[in-house]
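Same chain, two versions here, written out as structure tokens and called structure 1 and structure 2.
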Structure 1
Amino acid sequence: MDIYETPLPGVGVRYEFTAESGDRVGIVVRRDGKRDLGLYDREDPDACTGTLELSEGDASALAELLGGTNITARLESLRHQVEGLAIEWITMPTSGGLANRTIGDGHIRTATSASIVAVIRDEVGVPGPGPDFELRPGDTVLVMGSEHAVGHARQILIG
């Protein structure tokens, strides 16, 4: 699924995607944390037929009801607290880098000071993978650290 991201200067960010039913859904994440959930008009696809205004808490409650994980919400609040912390989701390439090798092979922690916090494989999350965890092509690796360290770690991971 493609999610389009559009900056709304002075307001926040708008995300939109087309649901499998063909309905288009838009979510505005405002800078103060409020969310506007908009359902677009089929006749006039630029306008919303209705908008739902949600607080930050409402939004995560709704997300949980809809079956989403709250991992991104947690990460987001973490990012607010720690200035200069970068978090990146890196998808493993089919070959090269650390594909089909263990995390320990990359010496990421010692070489870059960034940490691999979790690996997501086939929709299943593996939190805190050890050094002997073998990375496979297509895995999503969640790396955290300073911006520089994360960039360096990405190079090691994808080669």
Structure 2
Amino acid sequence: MDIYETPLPGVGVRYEFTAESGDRVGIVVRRDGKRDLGLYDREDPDACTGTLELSEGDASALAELLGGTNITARLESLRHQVEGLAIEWITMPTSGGLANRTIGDGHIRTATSASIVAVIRDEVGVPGPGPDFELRPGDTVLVMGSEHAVGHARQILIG
């Protein structure tokens, strides 16, 4: 089964697939944790015949009913495949750390070996920010590396 992924800047990500029945299904995963489940018209794939808004809890319950334990098992398997890789979302504090300073000021890559992969600011993603990128209070920073490296990077970022 092919699952198509479309980034929706400032909103989240839309996933679409065609079920074995021929029905086209779309799911928008919003940044606030909510999900929108949509069923598209078979004759007009641009027309939605119905939508359902789910809270994060509703989505978790539905996922469990639809076989979430399989997903959990697959994620656990993936975790073993990239053993030692840590990924963390860190929210910048109002002051201290690297708030209102550049990524380069923190020397995160050289001091920790962790990498800042992306920054989310005001619902807009900035992938691969460079060393001149200034971090602001409230930014969400995606950091990857070893568990130790990510922990060290967190200390530098939030002070």
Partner chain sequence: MLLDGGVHALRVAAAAPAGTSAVLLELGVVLLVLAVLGRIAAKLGIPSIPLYLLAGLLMGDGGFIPVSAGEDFLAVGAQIGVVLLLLLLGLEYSPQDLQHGLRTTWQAGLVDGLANGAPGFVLGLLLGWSMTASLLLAGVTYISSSGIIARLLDDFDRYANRETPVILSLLVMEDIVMAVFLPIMAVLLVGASLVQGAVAAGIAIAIVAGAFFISLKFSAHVSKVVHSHSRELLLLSVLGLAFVVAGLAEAAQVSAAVGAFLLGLTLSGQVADDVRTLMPPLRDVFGGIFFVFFGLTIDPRDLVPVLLPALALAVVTAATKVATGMWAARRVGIGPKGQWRTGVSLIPRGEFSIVIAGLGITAGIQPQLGPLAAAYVLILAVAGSLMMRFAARIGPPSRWVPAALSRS
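These numbers come from a predicted model, not from an experiment. In this text, rigid core is short for the largest set of C-alphas that superpose within 1.5 Å between two forms. The first residue in the sequence of structure 1 is number 1, and each one after it adds one.
The first of the two structures is the form predicted in complex with the partner chain. Core-superposed comparison between structure 1 and structure 2: the Cα of Arg101 travels less than 2 Å. Remark: with the core as the superposition reference, the CA shift of Met92 between structure 1 and structure 2 stays below 2 Å. Core-superposed comparison between structure 1 and structure 2: the CA of Gly38 exceeds or equals a 2 Å shift. Here the rigid core is superposed, and Pro7 then shows its C-alpha moved by 29.1 angstrom between structure 1 and structure 2.
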